[in-house]
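So this first bit is one chain, no partners, the form predicted alone, shown in structure tokens.
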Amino acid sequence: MNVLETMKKCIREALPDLDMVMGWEQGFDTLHATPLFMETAEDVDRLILGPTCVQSLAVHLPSLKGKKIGVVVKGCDSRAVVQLLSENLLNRENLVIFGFGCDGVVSLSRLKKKLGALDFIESAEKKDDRLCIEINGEQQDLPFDDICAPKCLTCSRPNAIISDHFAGPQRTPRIPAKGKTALEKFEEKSLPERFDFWKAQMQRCVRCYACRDSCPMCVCRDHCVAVSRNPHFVSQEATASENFMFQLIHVMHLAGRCVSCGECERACPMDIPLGLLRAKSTEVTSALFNQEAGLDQEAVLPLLSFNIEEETIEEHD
């Protein structure tokens, strides 16, 4: 029995005791997946697993608190679940987690840069380390590393960290290729160059809030500071300065909480490299507090705890 059939079997057995199980199904073509909310055994038949299952389903969990929910997760998705549990935003007794090992997911943004417009996809299948696509009657055979999400190239946790049911074999973590990371390359620029870069990016932002709405750790959308008028910290004008203010607030609210799922950058319709901002915040908080988000259900957020002296901060030198 393959991974998909094993997963379907586990879900069918658990479904009678649940309100629903969240997974993925094929979207309008074989290159696109969309969230699937399974309430009946017939719904389970539509479940798919593979490189097109890019969305983090954990984003829906806080709004379903109080219901008995099942959720299918890959490694990065499971980190979001762990982090939400550690913040008491989910009830573990009401959650059934179906985990599997992930071989990486497709980045439509990178794929478009390779192929141009993705008009009509007749088929898309991952074979070993390549993605085979038939588009407009033409076959395309692409190295998967060239079109996968950037997070997949350095993924150290491809398997679900937490699960009640695990389908298929464990996957081997990726060994990062030698060379500098995107953040290290960016920080080689001078401060004026970096500031000019972000000004240009923020001028392109249309303040659609897709980055916020896709973030599994951004849980206060109904009371978001970006749309609040009391207090009124930031306007809704789509100017570079106001956009930057919104993004910096978002980054600070994720300090010590970001699980590096990349959903903000994936969802951005303007292809703004928001991951750079989150990566810097994660680098600083990890170095200061020696803690990585989404790995320990019992962990206390660094910015919600207090020590008279932090082990990693040399304040007397």
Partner chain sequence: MHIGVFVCHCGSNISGTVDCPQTAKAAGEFPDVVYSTDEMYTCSEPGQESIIRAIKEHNLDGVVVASCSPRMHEATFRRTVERAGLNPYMFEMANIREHVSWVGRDKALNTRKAIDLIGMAVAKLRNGTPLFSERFNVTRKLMVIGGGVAGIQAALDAADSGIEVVLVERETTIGGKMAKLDKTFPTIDCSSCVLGPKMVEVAQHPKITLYAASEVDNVSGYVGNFTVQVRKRAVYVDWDACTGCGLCTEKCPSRKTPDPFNELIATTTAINIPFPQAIPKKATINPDYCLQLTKGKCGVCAKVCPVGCIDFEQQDKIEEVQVGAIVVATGYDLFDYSVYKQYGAGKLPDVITSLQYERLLNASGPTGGHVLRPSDGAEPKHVVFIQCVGSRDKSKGRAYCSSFCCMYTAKQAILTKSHLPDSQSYVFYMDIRSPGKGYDEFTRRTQELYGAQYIRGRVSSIHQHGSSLVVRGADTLAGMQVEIKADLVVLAVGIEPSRNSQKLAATLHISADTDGFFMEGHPKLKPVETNTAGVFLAGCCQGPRDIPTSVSMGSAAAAKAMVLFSNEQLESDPQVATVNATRCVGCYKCVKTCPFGAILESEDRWKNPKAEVLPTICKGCGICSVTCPHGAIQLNHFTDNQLLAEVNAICPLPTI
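On a predicted model such as this, the values are computed, not experimentally measured, just so you know. Numbering follows the first chain given and starts at 1.
Form predicted together with its partner chain: not shown, discussed below.
K.L.:
Just one of 96-104, 67-75, 213-221, 133-141 has heavy atoms within 4.5 Å of its partner chain in the model of the complex; which?
P.N.:
Within 4.5 Å of the partner lies stretch 213-221.
K.L.:
Check each of S156, S228, S123, N91 and return the one that places a heavy atom within 4.5 angstroms of its partner chain in the model of the complex.
P.N.:
Only one listed residue qualifies here, and that residue is S228.
K.L.:
Hey, in the model of the complex, does E242 get a heavy atom within 4.5 angstroms of its partner chain?
P.N.:
Yes, E242 is a contact residue.
K.L.:
For D164, is any heavy atom within 4.5 Å of its partner chain in the model of the complex, or not?
P.N.:
No - in the model of the complex, heavy atoms of D164 and its partner chain never come within 4.5 Å of each other.
K.L.:
My question is simply whether H232 lines the interface with its partner chain in the model of the complex - judged by any non-hydrogen atom within 4.5 Å.
P.N.:
Close contact exists here: in the model of the complex, H232 approaches its partner chain to within 4.5 Å, heavy atoms only.
K.L.:
Since only the chain is shown here, I'm wondering whether K127 would be in contact with its partner chain in the model of the complex (any heavy atom pair within 4.5 Å).
P.N.:
Outside the cut-off, so no.
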